[in-house]
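Shown next as structure tokens: one chain only, the form predicted on its own.
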Amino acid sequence: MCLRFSAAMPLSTQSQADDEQYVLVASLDNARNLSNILKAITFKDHAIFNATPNGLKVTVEDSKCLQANAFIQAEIFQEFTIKEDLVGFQVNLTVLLDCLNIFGGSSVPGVSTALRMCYGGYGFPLTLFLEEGGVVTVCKINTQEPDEPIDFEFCSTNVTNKVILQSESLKEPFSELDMTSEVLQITMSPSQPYFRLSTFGNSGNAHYDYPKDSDMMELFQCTKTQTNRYKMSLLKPSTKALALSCKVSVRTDSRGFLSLQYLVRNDDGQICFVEYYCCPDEEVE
């Protein structure tokens, strides 16, 4: 069993002494602010959690070809206490989200569930205290030693092309992408077509073009023409982040590796970031 439930005192009555046993304590007035951002990177069961004094980074990977990171800054939490420079663990993300959604997913307008997330260090479970209407549920989820995340060696100095778009401009095309196409082809160029998405499915080829002076284009920095193909199956999970976001940065480096960085506003108007890295399937001459 990796999950245990119990009841507890209301969070407001828990003393600071209770926190002494933990190396990490993070509290939110609205648990949905965490569950929404985690849903944006949920495509595998397990996630690596790395906490620093700056906040929380949650990483999910697939086949050494795709990596998603959610960045939740310390300021977003009402309380964020960490006793070490780095606290890391691996946890079943599906189980964690189930706990947040079942016990912290109130859909009643004006009603939110408070969350207190505590971790006692290596070998200890991740403990969630979820309080709604004075009732506290405690969930304990087993943790594992974290794997080392893949380093895609994607750095800004090697970025050749970058555009920032309002997410609305991508939501419709992504919802209409021909999923019978095995790849999504992305062309970025200083000249026409500037920024193009292409699919090659059963019903034929389709192209979506974005002029560099479009109202939806907030930034256009392309130094050379690049056309790369990416497996549709790898990019599909990123549409969850797209649906939540208001802006998206699309970058490619000299190798054709793709970075999709999404700016997400939570229910309280605070900003979090979700980033997907994807390796190219093939380069197109």
Partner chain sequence: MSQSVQAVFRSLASLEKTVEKCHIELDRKKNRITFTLYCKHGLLKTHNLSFQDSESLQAVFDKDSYANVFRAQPRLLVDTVVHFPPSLEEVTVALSDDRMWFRNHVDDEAELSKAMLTELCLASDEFDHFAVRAHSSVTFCLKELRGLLVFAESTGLPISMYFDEPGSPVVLSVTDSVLEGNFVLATLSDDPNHRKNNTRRAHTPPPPPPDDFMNDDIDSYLIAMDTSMAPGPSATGPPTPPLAEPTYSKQPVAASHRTRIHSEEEEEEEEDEPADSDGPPNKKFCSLFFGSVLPPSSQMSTQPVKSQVVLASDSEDDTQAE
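These figures come from a predicted structure and were not determined experimentally. Residue numbers count along the first chain shown, from 1.
The form predicted together with its partner chain is left out here; the points below concern that form.
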Exercise. Choose from 116-124, 80-88, 206-214, 181-189 the stretch whose residues reach within 4.5 Å of its partner chain in the predicted complex, heavy atoms counted.
Key: 206-214
Quiz item: Is residue 149 close enough to touch its partner chain in the predicted complex, meaning at least one heavy atom pair within 4.5 Å?
Solution: no
Quiz item: Looking at the partner-bound form in the predicted complex, is residue 158 within 4.5 Å of its partner chain by any heavy atom?
Solution: no
Exercise. Examine residue 172 and determine whether its closest non-hydrogen atom to its partner chain in the predicted complex is within 4.5 angstroms.
Key: yes
Quiz item: With a 4.5 Å heavy atom cut-off, would you call residue 176 a contact of its partner chain in the predicted complex?
Solution: yes
